[in-house]
Each structure stands twice: as C-alpha cells, then as structure tokens.
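Taking the form predicted on its own, here's one chain by itself in structure tokens.
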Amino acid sequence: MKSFTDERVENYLYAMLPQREPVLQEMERQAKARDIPIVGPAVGRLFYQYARLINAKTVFELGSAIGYSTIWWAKAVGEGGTVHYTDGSRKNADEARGYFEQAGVADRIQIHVGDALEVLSERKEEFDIVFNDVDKHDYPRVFNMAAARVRKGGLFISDNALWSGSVAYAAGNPDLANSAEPDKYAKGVVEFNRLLYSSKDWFTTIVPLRDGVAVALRV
C-alpha cells in the first residue's frame, strides 16, 4: 500500500502519536520487515476511539493477520469483552496468540482459523462492531452479510476504503483517475463503497486516514 496523502501531512500525523507499548512496537517492526499488512498505529487509535464511543463489548474481525488490530479492539472492549480473530493461516494465528499473551488480552480474544466469511456466516448473534479487512474483491460479499451481523447503533468498519487512491477512477474525472485499467480489487472496493453509501441500513463516512477507513453506523 502506497500513501496517497501529502507526505508532510502523513509524517506529521505519525509524529504526533504517543509511543506504543512494546508488543505493538514489535508487531510494527515485524510488519515492516516482513511486509505483513497491518492497519498501523494511527488507525489502531481510531478503532479504539470508535469502540469506546459506542461502549462496544463484542467485535468480529474479518481478516486479522498477526493480530495487530485485534489488540487495539481487545483493549477497547475491556475486561468481559470479546473480540473474534479470524485468519486462514494457522501460522499467523499462532504468532498472534503469542502477541495477545504479551499484551495481556488473550482472555478477551477468540481465535478462529479458516475462511473469515464462512466463520461469520456461522455466527447467529449480532456484534457491536464488525471489522472488514478481507481480500478487497470480496468486500461486496461482506456488505451483503453485515446488516444481519451488526446491532442497530453498532458499527461496520472497513479498512482500505480508498485503496491507495485507485478508487478515483470511479469519480469520472480523468485528472483523478489512474491511467491503468483498475484491477478486481479496486473495482471491489468501489462497488462496496457505492453499496454502503446507497444503503438505508447504514450511515457511512470514509475517513481519509492512511488507506481510508469506511465507518458505517447501523441505523
């Protein structure tokens, strides 16, 4: 993911962040060294803030990798809260479990290994927050599931809502559009955003932080 915001502004935003605890710093180092996708500390703080604003106690993550965002959610829900981690890789899940223990939040996290959409489809309850970070071409499929899985007044939050700026092709402005034909991932994100904004079930805003965070309130 390349940044599409002004580099000076990006640097300023990250320079303002307080120091994270050692386990999060280690995860950030690992993500950079091994090219592991994580939301990063600025977005992590945003997640924590939104969860606290609605007093969230249950969070379901679709796509968790090494569990960086999971820790932010787990800290926000507090003792007695539950965060569902999902990833298709047992190796990722085992690594994440170690980080959860270091962060002191392992007892708040349920780990699911397998297809995140299948795991969610098997759940019957509603959640305070559903966080979507699966393969981008699957975003429209997640949209079709989300309304039945988020309580009214809850949040449906999605990462990569601006997909490195490649969504601009859909604006119809040739000065904004990329010269290359958009791939299936960009098309998936654009269709997902269109569905969110046109739905009566959701009140949606895209926050242009990092790669864009779509925040949809269940109405």
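Numbers for residues come from their place in the sequence shown, where the first is 1. Model, not experiment: these values are computed from the prediction.
Same protein, other form: the form predicted together with a small molecule, not shown, and the subject of what follows.
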| query | finding |
| --- | --- |
| Proximity to the small molecule in the model of the complex, single hit among 98, 78, 88, 140 (heavy atom within 4.5 Å) | 88 |
| In the model of the complex, the one of 46, 168, 39, 155 near the small molecule [non-hydrogen atom within 4.5 angstroms] | 39 |
| Proximity of residue 120 to the small molecule in the model of the complex, heavy atoms at 4.5 Å | no |
| Contact label in the model of the complex: residue 116 to the small molecule, heavy atom within 4.5 Å | yes |
| Residue 188, heavy atom within 4.5 angstroms of the small molecule in the model of the complex | no |
| 4.5 Å heavy atom contact, residue 68 and the small molecule in the model of the complex | yes |
| Location of the small molecule contact in the model of the complex, chosen stretch of 121-129, 144-152, 80-88, 99-107 [non-hydrogen atom, 4.5 Å] | 80-88 |
